[in-house]
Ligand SMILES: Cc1cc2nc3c(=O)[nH]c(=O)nc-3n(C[C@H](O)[C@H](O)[C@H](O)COP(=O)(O)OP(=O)(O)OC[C@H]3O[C@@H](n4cnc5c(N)ncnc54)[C@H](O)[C@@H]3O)c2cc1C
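There is one chain below, alone, in structure tokens, taken in the form predicted on its own.
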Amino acid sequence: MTRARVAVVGGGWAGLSAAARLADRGHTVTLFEAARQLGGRAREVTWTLADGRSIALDNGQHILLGAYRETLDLMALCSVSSAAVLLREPVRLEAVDGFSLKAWRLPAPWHLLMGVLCARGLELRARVDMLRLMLWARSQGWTLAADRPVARWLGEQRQCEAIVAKVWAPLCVAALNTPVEIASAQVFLNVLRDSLGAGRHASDLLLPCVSLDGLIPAACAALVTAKGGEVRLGTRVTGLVGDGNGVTLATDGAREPAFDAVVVALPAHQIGNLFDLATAPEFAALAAQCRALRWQPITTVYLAYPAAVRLAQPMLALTESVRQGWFGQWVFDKAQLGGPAGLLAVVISAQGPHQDLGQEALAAAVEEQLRIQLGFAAQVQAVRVISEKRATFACVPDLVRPAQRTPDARVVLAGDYTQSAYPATLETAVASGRAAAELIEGTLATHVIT
């Protein structure tokens, strides 16, 4: 195939995935990112403590699964050893109240069956309900006749309160970042099918032991430049126009030489700003579809304790109770994941009353929750609250997501919000980047590049 000039607009994981794939196939890639760093909503953040120490944080605590084949494949393409940067463990749900469910090292489906049968803190009814739902879902091909909210679907399946509270609701919120009352049951089933319902290794937890920058962004950027491309940080693309000579980008008042094709990997709410709908009305429907998406937040509260403070496991489920002012859902011990001793990360996914609190009040509430639920008597030395207000789209039933193809075949979208059977995850973003690269190559194959 003829070597083409391709622009990738947006340096999040979707854009990085597309850029790396296209560069590896021999195209000259220019990656534009408005920020001064890559990674988008999964990026590294530097936290400088009062004593002068600098800690590399992530803007949110991310978990990968063994089923994330696209992400693992991209890491391999960029010469990143997954064994060196990811802690792989059988799926385990450990809670502060003593509940514990851990998959066994057995072939599927025995790994999950034995895990449920031997779980601690679950009454017999809850075990039976969980297994019954998984068997029913498998018998139905993991497909619903009509989509509906997860909470309604679980009620129809007569799932008891205990199994919903301890397993289904936490898994749904963690995977879809959408409350069970409004989350898509079909998308949740898709996630269960390819994780708990698949082979044993597909459900493994892959916990990053380095900052997010060390997983994908730095390696993808290095591959692009090694293949003769360019990564331009701090460069905002403000407009995009296609004509007979190619696709021209406007960047902060300047105009770039025309590209043969463009991957637009911006957040959905920014897509409409790229096109002059007066001269390109064919993009109006796409812009409106992107604007119609609704968003869900993710908040991470980092707490620096004395070095002696640690968890029994790398991650634990917390007991969420709005009535008692407990908002934390999961807590991670960063020392067990390659970080400094005493640093904990508490995650609060999806919308909720915690959004009404200021950062100081929220941090105090989380600290009190850990003191009561984990018995931490030590004084917190420093706190950092990071909130992504548009962390993911709201994954609601029957949601129509934008296609990756656009009215101009030379312009394609990449992003975790584009059409997919899965929620907005790192894996979905990476997969969309690969699909965008393949669409671009298909278009280039039918055009003569001069």
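Residues carry their position along the shown sequence, with the first being 1. Since the model is a prediction, treat every value here as computed from it, not as a measurement.
The same protein also has a form predicted in complex with the named molecule, omitted here; what follows describes it.
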So, in the model of the complex, is Q351 in contact with the named molecule at a 4.5 angstroms heavy atom limit?
-> no
Would you please decide whether G325 lies within 4.5 angstroms of the named molecule in the model of the complex, comparing each non-hydrogen atom pair?
-> no
Could you tell me if H27 has a non-hydrogen atom within 4.5 Å of the named molecule in the model of the complex?
-> no
With heavy atoms only and a cut-off of 4.5 Å, decide whether N59 touches the named molecule in the model of the complex.
-> yes
In the model of the complex, the residue from A265, L215, V150, V262 with a non-hydrogen atom within 4.5 Å of the named molecule is A265
Answer with one of E44, D408, E70, E388: the residue that has a non-hydrogen atom within 4.5 Å of the named molecule in the model of the complex.
-> E388
Of the candidate stretches 186 to 194, 234 to 242, 280 to 288, 109 to 117, the one with residues having heavy atoms within 4.5 Å of the named molecule in the model of the complex is 234 to 242
Of the residues spanning 30 to 64, the ones with some heavy atom within 4.5 Å of the named molecule in the model of the complex are F32, E33, A34, A35, G39, G40, R41, A42, N59, G60, Q61, H62, I63
